[in-house]
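Look below for two forms of one protein chain, each set out as structure tokens: first structure 1, then structure 2.
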Structure 1
């Protein structure tokens, strides 16, 4: 039977392993036992040393590198990392999990791309490792994991609020009754059997809940716990001198992530391939952004300029593929000297602010500081490199949020259908415009011309 710490390194079993063997003094030493496990992993490539982690430190970096390449690199080959799915690696893996999480927590902020990738990598590992376990064993492991993560027989939906808040789970995807998330078949039958007409209740359980929902909850909870652990490390880091090896590992993780992004950038793809930073195409702006640029009335003015337009324009100009890549970046990663930000992005936002009624900064001059903050440069009048990272570079709000917060700006057109975010609209429309041959003409214009 697979050890639970193979799936949940933050379990008490995992903590025990770290207590016994997790000294940081020799984490970069070559570890013969680890080498053997890696070499003996089914279908593992061993033709080149770079495929094989030789130490705990190497393995910690490989865990994140695996996920970054899987997401971004079209040349990704599973056999380069087959050792990650080998249960024999458990002890080494648990220790390397803590090394990676601590390195990331010490060096980077909780919302950095390194932190996000570390969390997502852990979630993906849980999914893939569970998938590889034979189904006759999986049921028991899933139940044991669930018992480990959730202390009650039935989970009150209110106890997973953290997962709901971080959007890791949708409330509407769960079957709820009397405040509880229904997970067990017996429980399901007790509550709903009489209501189900014309279908076998057991099959209904398998379709609506089955192992799928349990695995979803387990995975999301482990991701949440990983996030919380990294946050704790980050908070502690200001009080305790970090081990130098951890800082080195953090740098290696960044290096590997950057490499995987450059693989991605050179391979293109998606709507015509090119969704890299480039000049703004105003004709491709969605209706909500067009309306905001024209100026907004007092009710929605501040949110429209500060929250919607600032994030949209900055991402559309500098990093339009943020949702596709799913890797958070800083503005200076793309606009190193902030020339584009200061000379192109801010003037566009400030002009739109001036067109509002009444003009935004006449009423609320402090909103300039908020705009800078939303670009990731903290609460300052203008963006400066020394302040970068004091706040988060906000991604554009989703169409759903716009409908709630700025409903008067949401006037969907045909392209809006099946689009979840103004930035996705922009990428699609830009691609359509380019495909139809004119940068400045929409399809409709072309038809009229004919």
Structure 2
């Protein structure tokens, strides 16, 4: 039977492992026992040593690196990190979890990109580890985990209020009755059997709840507990001197995340060439964007600034290859401290809004909130990491939609032929400018012109 600490390192069993074997003094030393477990893991690729953790410190970094690659790399190979799904690695994994969580908590803020990826990585690991467990064992393990995390047979919805508040779970995903979350089949049948007409009640239970909802609650609770643990570490970090090894590991985690995002959010070849995040090239803006930046009349003003310009400028500056890569990202994945967003992207959008007739924010000041929302930070005055994910980072609208909804801005030139989106135009034009050796006007050049 798989140990519960393999799934929930913050359990009492996990804490006991750390108390016995969690000294930080030799966490970077080569560990022969760990190497043996990794190399004997089923399907583990061992031809490339760069994927093999040799120490507790290596394993702590690999846990986050695994998730960053899985999330961003289309060529991700499960066999590079098969050791993470091997229950034999439990003791090493628990210790490395605490090393990674403490490193992140000491060095970074609770709303940082590194903290978010650490929490998401833990949630994904729990999901994949549960999925790999044979079904005849999984039911018992899921029930034991749920009892460990919740403590009660019938869960009052108030006991998961923290998950609801942090939006890790939606009320719409749950079946509630008299203020309690219904999870067990017997309980479901007692309460709803006579009320369900026309369909077998047991099938309705499997459809609405089943193992799926239990695993979702378990995963989200472990993620919430991981987040709370990192916050506690961060709060304590100002009162004690951190172990130097933890600071080094925090830097390595950042380095691996940056490598992953820098490499996999860009791509070579094709007319776009290398289209990774870089300073804006104004000469490559399509006619519709040029006209929007010059100022728009009241008829199209709001949609031109909020829907068209906000998404175009943010993606052109941070993630111009979004349509080619077809991988969703958040702004902080690329702009970790939001300095580019606040100091470069928003001023350009706000300046264009001021050039409108009448100026957008004088007429509709609430549109600043909508601009923040379209960047993925919810309805707030300015983007803040703590709000990221409250809304979606909208991609630029297609040329077809611009023709229909913002027709006065659509004045196509020769490059617009066979282009389906303003961002595609930007990538093509930028490549053409580079190829011709022409001078590309950047943000700094534009400021000097003004």
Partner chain sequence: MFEASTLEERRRYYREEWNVKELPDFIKKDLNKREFGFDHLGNGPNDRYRIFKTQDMIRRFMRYRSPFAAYCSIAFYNKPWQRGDWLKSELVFDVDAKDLPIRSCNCEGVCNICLNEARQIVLLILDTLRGDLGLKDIHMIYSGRGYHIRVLDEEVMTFDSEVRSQVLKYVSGAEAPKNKYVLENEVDQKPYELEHFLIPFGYPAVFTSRVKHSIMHITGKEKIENINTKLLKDIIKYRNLVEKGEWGLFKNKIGPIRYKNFVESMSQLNMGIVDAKVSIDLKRILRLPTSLHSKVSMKCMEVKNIENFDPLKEAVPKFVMERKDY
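Keep in mind that this is a model prediction, so the values were computed, not measured. Numbering follows the first chain given and starts at 1. We call the rigid core whatever largest set of C-alpha positions still superposes within 1.5 Å between the two forms.
- It is structure 2 that shows the chain in the form predicted alone.
- In a rigid-core overlay of the protein, residue 425 has its C-alpha displaced by at least 2 Å between structures 1 and 2.
- In the core-superposed comparison between structures 1 and 2, the C-alpha atom of residue 35 has shifted by less than 2 angstroms.
- Once both forms are fitted on their core, the CA shift for residue 235 between structures 1 and 2 remains under 2 Å.
- CA movement of residue 349 between structures 1 and 2 equals 6.2 Å, with the two forms superposed on the rigid core.
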